[in-house]
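We begin with a single chain expressed as structure tokens, specifically the form predicted on its own.
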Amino acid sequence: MKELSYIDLKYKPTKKDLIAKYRLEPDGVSFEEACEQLAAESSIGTWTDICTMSPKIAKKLKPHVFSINKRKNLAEIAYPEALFEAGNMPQILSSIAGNIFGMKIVKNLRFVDVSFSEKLGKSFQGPAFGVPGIRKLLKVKKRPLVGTIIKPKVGLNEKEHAKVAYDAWVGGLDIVKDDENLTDMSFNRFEKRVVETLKLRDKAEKETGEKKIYMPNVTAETDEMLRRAKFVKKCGGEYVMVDILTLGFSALQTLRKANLGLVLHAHRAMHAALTRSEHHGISMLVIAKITRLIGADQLHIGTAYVGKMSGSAKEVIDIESAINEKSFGIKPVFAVASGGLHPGHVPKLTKRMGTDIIMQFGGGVHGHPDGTRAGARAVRQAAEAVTKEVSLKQYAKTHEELACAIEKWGC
């Protein structure tokens, strides 16, 4: 069969296409040739003409490079949904984010964005709770949700861990979570930690009259992950967290399909290995869209250049919009901002990201001069000030914990 051409700038994508956007820097070939080879390698083609290719295969499965912007090095490709197995994210990514990153004809390749066809989109479960379910569970209608990460990341034993969580809850925080690298350690065993922490969660709820959440990290080999999640459920827990990239999308999908009735919190540890370069890798936007489809209820997306992590305000806001847009009838995902936050950041965060956000403070709680409980109060006070549309400096005049936090970290 005569050599295929994948570039068709007159092609109009249909609802049965998966659309991928790439930024590519050719190496030794024209931009058009790089686009041709990118489309071929990610679908039905290979490096040379083959006798086994037929017009029937090409007509049914050939993708179309329908948009080229050489000034910005951007290309968009429409892939027929028949190329993909519905409900199989690893297979989908093996095509559109697989061998193409190793091709010699591109110096750099960035997977910028993706849109799924309706059939593919609806083949995944999406979040079980999402924003509306989480707000209903916590009985908090409007204000941002506030939480902390136990610090130090690792080192505390089970009772020490639980006590820190208790102090944060009675100080006014909604959520306490394990850090991303705390699982089942010799000095802090998973099951004992869960039992001790949930016991003090119950105590904090009775004392405050508020719903309190603990998010234990169940990241592990898939069978062990499920066993730990079921243990959390058995103990009366309502949440689990997983490190979605180190865990893998297939394991995340396994956890979602288990339908344990647990809220799934998605931590993005290791994402920057894929997302940080603007020239190569996979954007956080793509990862966020995939995570929502699979079914995480909450997802770390960044802090819009507030705090210690990289990520522009525009990028973070674009991600937040994507995980909340109406799509395939699935629920919106609660955006999580964390990484170097303190109470003084609360007004900027809510101004940029709105109130449907979970703000998590590690050092910004435990680093308070008067300890964890006071740090938690300062965070809650900052959230209340923003909800009441009062400046932090004004609110701090009658709230000493907030005033102390502002004196230390500013606002």
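Numbers for residues come from their place in the sequence shown, where the first is 1. Everything quoted here is computed from the prediction, not taken from an experiment.
Not pictured, yet referred to below: the form predicted together with a further copy of the same chain.
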Checked Glu196, Glu76, Glu180, Glu238 for heavy atoms within 4.5 Å of a further copy of the same chain in the predicted complex; positive is Glu180
Picking from Asn324, Ser123, Ser117, Gln253, the single residue whose non-hydrogen atoms come within 4.5 angstroms of a further copy of the same chain in the predicted complex is Gln253
Given 202-210, 230-238, 134-142, 270-278, the stretch touching a further copy of the same chain in the predicted complex at heavy atoms within 4.5 Å is 270-278
Using 4.5 Å between non-hydrogen atoms, is Gly354 touching a further copy of the same chain in the predicted complex?
-> no
Original post:
Given that the partner is absent here, does Glu41 sit within 4.5 Å of a further copy of the same chain in the predicted complex, heavy atoms only?
Top reply: yes
So in the predicted complex, does any heavy atom of Asn99 sit within 4.5 Å of a further copy of the same chain? yes
I'd like to know if Thr350 sits close to a further copy of the same chain in the predicted complex, meaning any non-hydrogen atom pair within 4.5 angstroms. no
Task: Residues Lys159, Ile319 and Cys411 all lining a further copy of the same chain in the predicted complex, heavy atom within 4.5 Å - done: no
Looking in the predicted complex, the residues of 40-67 with a heavy atom no more than 4.5 Å from a further copy of the same chain, listed in order, are Ala40, Glu41, Ser42, Ser43, Ile44, Gly45, Thr46, Trp47, Thr48, Asp49, Ile50, Cys51, Thr52, Met53, Ile57, Lys60, Leu61
